[in-house]
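There is one chain below, alone, in structure tokens, taken in the form predicted on its own.
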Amino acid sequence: MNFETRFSNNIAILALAGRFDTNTAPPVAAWLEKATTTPPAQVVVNLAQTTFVDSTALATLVQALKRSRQGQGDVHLCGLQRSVYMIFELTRLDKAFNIFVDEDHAIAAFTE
């Protein structure tokens, strides 16, 4: 898996590509921990190029969501492929996360 990070104003953006699983989660978890501990923790995770997520990946995202909301922020997800979105539906995490079609909408939602 590859990941790219950038910032748009005060919003941290993480774009993941490939499989997001037990083997690839540790560096993502470290980055998300750093990004979500400074209030307001506003993070967009772009999963447009992510082909698979497992329970470790989901737990990593949930932990980041919890930390960010404690810091008056949020984690927005965007660009989920159908197979990845189905995992969020099956685990009902589509109800916990704000999920957007693309990165522009996810970023814009922080300013609304």
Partner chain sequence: MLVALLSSQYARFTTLAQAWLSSGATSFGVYQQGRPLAYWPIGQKLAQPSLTVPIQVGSEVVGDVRVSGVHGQQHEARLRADADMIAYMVALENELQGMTAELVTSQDQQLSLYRLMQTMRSHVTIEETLQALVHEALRMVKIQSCFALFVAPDRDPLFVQHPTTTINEELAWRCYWHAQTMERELLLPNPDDTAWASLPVESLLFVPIHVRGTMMAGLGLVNRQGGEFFAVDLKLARAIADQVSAQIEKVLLYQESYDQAKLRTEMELARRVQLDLLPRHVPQVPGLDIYAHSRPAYQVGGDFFDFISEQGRPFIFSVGDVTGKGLSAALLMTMTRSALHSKALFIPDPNPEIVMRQSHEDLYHDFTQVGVFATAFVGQYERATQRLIYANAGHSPVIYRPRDGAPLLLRADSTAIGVFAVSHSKNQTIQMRQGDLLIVATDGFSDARNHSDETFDHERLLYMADRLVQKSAQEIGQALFDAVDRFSSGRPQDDDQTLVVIKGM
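Quick caveat, the model's predicted, so the values are computed rather than measured. Residue numbers count along the first chain shown, from 1.
Form predicted together with its partner chain: not shown, discussed below.
In the predicted complex, no heavy atom of Val101 sits within 4.5 Å of its partner chain. Heavy atoms of Glu33 never reach within 4.5 Å of its partner chain in the predicted complex, leaving it off the interface. The shortest heavy atom separation between Ala29 and its partner chain in the predicted complex exceeds 4.5 Å. At the 4.5 Å threshold, heavy atoms of Ile87 reach its partner chain in the predicted complex. The candidate spot formed by Arg6, Ala48 and Asp74 lies out of contact with its partner chain in the predicted complex, as no residue has a heavy atom within 4.5 Å of it. Using a 4.5 Å cut-off on any heavy atom, none of the residues of 30-44 reaches its partner chain in the predicted complex.
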